[in-house]
Structure formats: structure tokens, C-alpha cells
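In the block that follows, a single chain appears as C-alpha cells, in the form predicted alone.
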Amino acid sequence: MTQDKRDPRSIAAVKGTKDILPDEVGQWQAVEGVVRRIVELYGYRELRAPVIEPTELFEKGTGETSDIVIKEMYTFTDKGGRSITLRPEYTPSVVRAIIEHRLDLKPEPLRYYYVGPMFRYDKPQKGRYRQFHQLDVEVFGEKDAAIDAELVEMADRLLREVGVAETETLINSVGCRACRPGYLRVLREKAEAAEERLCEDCRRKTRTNPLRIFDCKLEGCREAAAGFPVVTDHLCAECSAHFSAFRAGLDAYGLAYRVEPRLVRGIDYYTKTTFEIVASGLGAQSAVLGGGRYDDLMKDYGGPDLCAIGFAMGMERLLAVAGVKPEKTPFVYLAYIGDEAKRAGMETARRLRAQGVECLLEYKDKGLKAQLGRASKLGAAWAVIIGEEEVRKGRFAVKSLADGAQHEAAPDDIVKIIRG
């Protein structure tokens, strides 16, 4: 039988999106709490930009030849005829905000972070959704390679704080606009000579940006790319010195890392430093975060000449391997019998909440036994029992649901009992 399209059961979430239900939200909040605490220790402050932006913002910054722009953006024309895109990444939005609000003229450091949703039309798979969530961290105007090392150290600390133990840090340099063109010419020649071994997408990348061939996960392409020249053999003196200083900074922090000369980023604007931290337990897509420098991006948008570095971390992937669990908050369940007791319960709940005590008072026609069973099932720490006799005496029964101990207390004294 064909299901009625008006039947609400026929409506499901859009493919590639996911409801985060109440029993999952606790872990999200716990991990986000650690994230905010750690990054703010390093002087970063939250910047919240709109979910929708002009399409040209991403075409200009992310790169017209990038997979994000070519295949993955959610773009539509609004009622005013303007092309609008649901943000696929966060960095261009931060750059726009700095320029639009002249944040570079303020005394505060240009260090920002954000935790929230991004949108990419991609094949849904483990840990990857079409609406996904990222932590983004950005710092502008600090060119010393020491900030590169500090950013990686902060990321490493953050992962350890949320209980991700088995990780590996991969680093590379992708050069700059002075030295990379020469490398790309050599790389393109090698890629063209090996075209028959490359997939159709990598053949396209050979013409548009051969650096991205290293991103391909197909075994044939990876085998072919293994014989290609590496960018670290073609760095200019400035990029080479910066990479050496970056490594020295990581050594100073005592961080283990591996130089991966084929580590690139899938976005056009990266320069010099690139890095990834990979974690076990995520399968083939093992990167839990990645980032690097983008020293030319701000001026490409017509803003001040400010260098920058940052990273993005997928929250869904992080939660898949994080060991942080939410702490259950003890709460009070108010059980009542009769209308007068209900009114007394409402007033008691108001008093307790005013003192910071979580209370649950359910307005359902249930007997006392059913209400106490409900309190135990929900995991309440205490039950406050109010009936006609308790209302008359002005003293309520306060029962510990952990050990069954029961006390009698006036409404003003309940907090003393439950807080010991």
C-alpha cells in the first residue's frame, strides 16, 4: 500500500543530515565545553558569522578549482536574485568579518574560534555528513613560525583533554606564491606523463591544480603520486627557513611529528605550513583535524596585508573517538497528590530552581507509586513527596532515591538536605 504523503511518518531528515537527540547532546556539550575552555586559555575569542554568505566569498577564497566549489557547495538564488551559499567552511567568513568591521584596528589579538554547522554536498559516510559541525580556530597578523607550533600544541592538548589518546601529527610545507609555481610546473609534467594511471578526477586536477592529486584516496592514483616530486625539494629560502623554525618549535614543545611531503590541503589559499592530526578508530578517513597557513588570503579580499594560520576539526569525527562523557546532574523529582499539593509543588519547584537546583514536576494524572517509579526510571537523585497531610503540616517528605533514606523538611530546608 502506498503511504499517504501527508502522513508525518513519511517525512524524514534530509539525506546526509542527522538529528542530535537529547541523550546524545550531553556528550556534545561536554566536548564543546572542553574545546571552549582550552582555546580560550590561549587567548582565542568566539566570533559567530552568518550561516549564509554571498557565493563569491567562497569562490574567491576557497578557489574556483577546489572540489568544495566545483562539487560540494549548497548554492541557491534568493528572492532578490543574489547567489547565496550555505557556508562550506569558516575561514572566508572570518576574513570578511575582519575587513567589514575593521577588527584589525582594534587592540585585541586577532585570534578567533567558532563551533557550529557547515554544509557540503558530499557522499555521506562514517563521521561525514552534509550538515556537519566544526571547530574552527583562526589567528591573523602573527608571522612567526612559533605560532604555527603553538597552534599544533594547542590542538594536541585539546585532543588529549577530550580523551583521544592514539594520534599522529603530520606536517609539511606547500611553499608560497614565489616558489610553488615552479614546483607545479614540474609536478604537472610528471602527472601528465602518468595520466593513464590516474582517475578521471585526477586528470582534471592535472590541468587545474596538480597539487590536489595527493589528496586522492584511490590506490592507483596514490601509487602513481608516490613517484612524483615533492614540494619540500622546491621551497624558496624563506619557506625553507619558516619550515625549519616550525619544526624547531614543535621540538621545543616535545611534540612527536612526522614530515609527510605529500600532505596538502584541498583549498587554494594555503601557503607554507600544513598539518594534520590523525586518530585511530576512524577508518580510512582518519584525519580528525587539519590546517595550515594562508598568508595571502586577507589581501586577496582587498583587506590589510595580514598573514594567518588556523585549523578546522570535525566535531562528529572527534566525538567518535573522544573519551569525555557528560556528568549527570542530580535532580529533584516532585511527586504530588491532589490539587493543593500540586500548587505547593509548583511553589517548591520555583524556590528550588531559584537556588540553582534542577527540578522536574510533571503534570500528569498519576498516583504516588507511579510518580516515584517514574522518578527512579529518569534517574532522579531525590524525590520530594507532597500530599494533603504534608500541605497541612507544612513539612514535605524528602526521599533519597539512592539509599531510600527519608527526611521531613519545611520547604525552605529542602536544599540543606539534598546538598548535605
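So that there is no doubt, residue numbering starts at 1 and follows the sequence shown. Here the structure is a predicted model, which is why all the values come from computation and not from measurement.
Keep in mind the form predicted in complex with ligand AMP is missing from the figure; the text below concerns it.
In the predicted bound form, at least one heavy atom of Arg128 sits within 4.5 Å of a heavy atom of ligand AMP. Ligand AMP in the predicted bound form comes within 4.5 Å of a heavy atom belonging to Leu289. Residue contact check for Gly303: none of its heavy atoms lie within 4.5 Å of ligand AMP in the predicted bound form. Among residues of the shown chain, Arg120 is one whose heavy atoms approach ligand AMP to within 4.5 Å in the predicted bound form. Stretch 309 to 317 is the answer when you ask which of 200 to 208, 217 to 225, 325 to 333, 309 to 317 has residues with heavy atoms within 4.5 Å of ligand AMP in the predicted bound form.
The single contact residue among Tyr183, Phe132, Tyr257, Phe243, judged by any heavy atom lying within 4.5 Å of ligand AMP in the predicted bound form, is Phe132.
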